[in-house]
Structure formats: C-alpha cells, structure tokens
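There is one chain below, alone, in structure tokens, taken in the form predicted alone.
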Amino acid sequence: MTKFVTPQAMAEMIPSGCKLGLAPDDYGASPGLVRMLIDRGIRDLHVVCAPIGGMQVDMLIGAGAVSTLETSAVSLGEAGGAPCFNRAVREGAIRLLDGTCPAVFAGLTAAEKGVPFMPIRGIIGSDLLKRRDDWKVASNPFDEAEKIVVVSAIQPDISLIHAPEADRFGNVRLGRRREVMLLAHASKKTFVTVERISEVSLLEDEKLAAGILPAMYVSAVAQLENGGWPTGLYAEYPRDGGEVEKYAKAARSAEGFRAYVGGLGGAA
C-alpha cells in the first residue's frame, strides 16, 4: 500500500549505500528532494541514471554522496558539461559504470521482466566491453555463428521520480515518458514527489490511463510543489535556464559548488 509522507520523511527513507535510480532532467527529476538528501548527509550511493544524468546527479556527486555511477552520460544540456561529474571522473573520486542509452534500457528492462539479463546489439567492437565485466558476449542460441552482447539486469533499490500528479489511491501520472515508467517497474521501491494530489482516481479516464503508474508500483508519495525546479517538469513548467547556467558556473570549483548549494537554504 502506498504511503503518503512529507518530503522530509521521504528523504529519511532513502538510506546511504542504496542503489538509487534517478529520472532525466525535465522529465521526472526531483532536485527538490535531492537537496534534502544532501542536507542530511547521504553517502555511498550507487546512482543509476535512466539513461542520462543531469543537474541532480551532478549535485549529489559534488556533495560527495555518490560512490558508483551507472549512466550513459551526464550533462547540463544547453548549460554545458556537468562540472562536478567531470571533476570526479578526472580525480577518480567515483566508480563509473559507463554505458549506452540502449544498454541502460536493456538492463532496466531485464529487471522489469524479472530475468537476469537482456540481449542487445551494437556494442561489439566498442571499448565499453573492456570495462564492463557485467556484460558478456555470447552466441545467439538460434545461430551459433552470430555473437551478441547480454547486459545484466539493473534493479535499483529505490527509484526517485518527480511527477505532476498523484491521486489519493497512490496512482501517479507520468504521461508518455516511458523511460520513467520503466525505471519504476525495474526498481524494488519507487518514491514519487508530486506537484499536487488528486481526490479522484487517475485511472478512471480511459484516455489518460496508459500514462498512469499504478499504485502497486508506488511505495511512497510526497507533495513537493515546484520539486522539479530548476530542471523543469514536462507539461507543467519549463526549465529555468538561467538558474541552471548559474549552477554550471558556480560548480566549476568545489568551493563554488558549496557556496551555491548553501545559498539554496543550507542544503549542504
């Protein structure tokens, strides 16, 4: 049964050391709750991006909260590269499980379907195979002459998503962003922050039902208005490009990052 909690309580429910799945900027990122995680000093996270990380991932890295990062990229979009991520990679401060978007989706799909791996094409010949001992080259069982890569399942302990709306029954409106739906299906637990909570079941409208994450996949919901700021939330409000640019400039140094996050209200 879905729990309805405060944002602060939800932040306390995400432990250090867990495998945390995070949605992309603009389409389900929850930087508002991530700032609360930083505030309470969370550490040793294995972050899984679905499939690309952005500002919230960069902030967790800058705060020293990430030990392992599984992603196909980390970027601030038009604001440029992710400074804390780039610095951590250069300094060897995090373990990077580098991948491709299709490979991340394949791993999450395997977890969604309850199987240990998923086959994928297009990686053979890439240097990625030299660095991923959890990916194997195998023979196609229907054609032994053909080689194919199998990607191990990726199952986050908890996924954290920000969405426009949930209802009192625990159903959540995700819309057409299937990568966010996939992340929720693949995870052991899904925590969702939302802009608002509806008193009417979101599954009642047949036209909208396909974009609803059913309550059976939702462990906890917290109302956190503007929780996607400054990275934006589809169909609700756009990215605050000026604020993301401000962050990108500040985070070029560790000192600038700390000053920026501290200026958000003592989040670190």
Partner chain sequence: MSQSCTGRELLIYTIARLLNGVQHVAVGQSSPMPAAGAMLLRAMNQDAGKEDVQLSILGSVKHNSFTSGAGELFDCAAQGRLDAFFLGGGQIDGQGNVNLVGTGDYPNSPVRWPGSFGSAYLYFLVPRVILFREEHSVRSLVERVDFVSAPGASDETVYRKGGPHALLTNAALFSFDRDARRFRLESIHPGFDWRDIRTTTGFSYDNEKCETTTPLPDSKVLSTIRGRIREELHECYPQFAARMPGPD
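Bear in mind that the values here come from a model prediction, so they are computed numbers and not experimental data. Residue numbers count along the first chain shown, from 1.
Unshown form predicted together with the partner chain; subsequent notes refer to it.
**Q** Name the residue from 136, 168, 178, 185 that puts a heavy atom within 4.5 Å of the partner chain in the model of the complex.
**A** Only one option qualifies, and that one is 178.
**Q** Give a yes or no on whether each residue among 199, 221 and 246 has a heavy atom within 4.5 Å of the partner chain in the model of the complex.
**A** Not one of the three qualifies.
**Q** Determine whether any heavy atom of residue 153 comes within 4.5 Å of a heavy atom of the partner chain in the model of the complex, and answer yes or no.
**A** Looking in the model of the complex, residue contacts with the partner chain do not include residue 153, since no heavy atom lies within 4.5 Å.
**Q** Is residue 237 part of the interface with the partner chain in the model of the complex - any heavy atom within 4.5 Å?
**A** No, no contact at 4.5 Å.
**Q** Does the partner chain come within 4.5 Å of any heavy atom of residue 90 in the model of the complex?
**A** Residue-level check for residue 90: yes, a contact with the partner chain.
**Q** Even though the partner isn't displayed, in the model of the complex is residue 36 close enough to the partner chain, meaning a heavy atom within 4.5 Å?
**A** Answer no; every heavy atom of residue 36 is more than 4.5 Å from the partner chain in the model of the complex.
**Q** Using a 4.5 Å heavy atom cut-off, which of 187-195, 110-118, 156-164, 140-148 contacts the partner chain in the model of the complex?
**A** Heavy atoms within 4.5 Å of the partner chain in the model of the complex occur in 140-148.
**Q** Does anything in 56-75 come within 4.5 Å of the partner chain in the model of the complex by heavy atoms, and if so which residues, in order?
**A** The stretch 56-75, when checked against the partner chain in the model of the complex, contributes 72, 73, 74, 75 at the 4.5 Å heavy-atom cut-off.
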